[in-house]
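Next comes just one chain, in structure tokens: the form predicted on its own.
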């Protein structure tokens, strides 16, 4: 679902700005030469002796995009955040296929020239699942560059769901702003693993960044863990506020929450599915 009304290309199940042939009444207007006589309201003609058309809302399809962050930081947790993102993207895409929407699934690391296929209808489900299943963790692409490339590949309007941990040393703000320039209805689902939310570590550790191999040596203590939780909460609440101020939807997802529960309960409550 989307709060915005986009103009579709083909027949679908979503309400359009245009008048059409659905069963949902929209308005009346006087007949003018050239109008379709099948839209005349003959009951009103009998009562008022005037030719009046009865208009109905058109129902069109919607372009749904799932943009998956497949960076190396997503290859963490059990299940990994990437596996969780793939399951979530596949579940949402399947809902789109059932509703006769156009569905496209892409990853952050794709170059501008690489456009993945558009799926439509239940018959496309198997091909869609094969594509999602083949996604592997990749490194080297910043979040902002990936979203910018996505917007350049897909200039049309629609609804986009970004599934990412938002962990990028350059920040996520500039990346999300690219969606605004394309007037897309944007949902940001930040996926974190339970090991990141409640780390079970102790003693002396050497931490290595999986993406740029930066290293840091720490000694885990109670004050350090408190500082970590404060920093993580600030990071997540900052992303939530950033999205809220710009009309984006935000949801923090724990990889221990079953995908079906996330879709049926939390995303339904947020209005992404119904």
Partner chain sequence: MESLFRNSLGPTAWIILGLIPPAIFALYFLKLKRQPLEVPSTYLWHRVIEDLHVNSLWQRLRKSLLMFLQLLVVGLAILAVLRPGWQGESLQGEQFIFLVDNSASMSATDGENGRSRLDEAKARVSALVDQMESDMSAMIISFAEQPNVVQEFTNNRRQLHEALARIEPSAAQTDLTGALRLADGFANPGRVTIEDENAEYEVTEQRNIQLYILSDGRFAGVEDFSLGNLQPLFLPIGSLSAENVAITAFNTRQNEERPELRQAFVQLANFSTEDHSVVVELYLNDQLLDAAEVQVPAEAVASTTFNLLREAEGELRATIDPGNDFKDELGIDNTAYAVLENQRDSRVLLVTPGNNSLEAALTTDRAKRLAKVEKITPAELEGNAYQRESQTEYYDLIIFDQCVPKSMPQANTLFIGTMPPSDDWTKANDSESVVGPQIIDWQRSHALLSLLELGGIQIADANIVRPPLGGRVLVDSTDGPLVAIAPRDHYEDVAIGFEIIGKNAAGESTFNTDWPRKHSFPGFWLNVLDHFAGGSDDSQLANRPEKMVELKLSPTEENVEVILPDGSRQNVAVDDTGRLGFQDTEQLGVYDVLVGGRRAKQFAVNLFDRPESDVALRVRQEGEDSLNTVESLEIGYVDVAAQPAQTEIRREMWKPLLLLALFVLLLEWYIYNRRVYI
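Numbering follows the first chain given and starts at 1. All values reported here derive from a predicted model rather than from experimental measurement.
Not pictured, yet referred to below: the form predicted in complex with its partner chain.
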- Item | Among 62 to 70, 42 to 50, 27 to 35, 219 to 227, the region lying within 4.5 Å of its partner chain in the predicted complex by heavy atom distance | 219 to 227
- Message: Is its partner chain in the predicted complex close enough to 168, 199 and 208 that every residue in that trio has a heavy atom within 4.5 angstroms of it?
- Response: yes
- Query: in the predicted complex, does residue 86 have a heavy atom within 4.5 Å of its partner chain?
  - Reply: no
- Task: Evaluate residue 76 for contact with its partner chain in the predicted complex, applying a 4.5 angstroms cut-off between non-hydrogen atoms, and reply yes or no.
- Result: yes
- Message: Check residue 231 for me: does it contact its partner chain in the predicted complex (non-hydrogen atoms, 4.5 angstroms)?
- Response: yes
- Indicate whether residue 203 is a 4.5 Å heavy atom neighbour of its partner chain in the predicted complex. yes
- Item | Those residues of 95 to 114 which, in the predicted complex, come within 4.5 Å of its partner chain by heavy atom | none
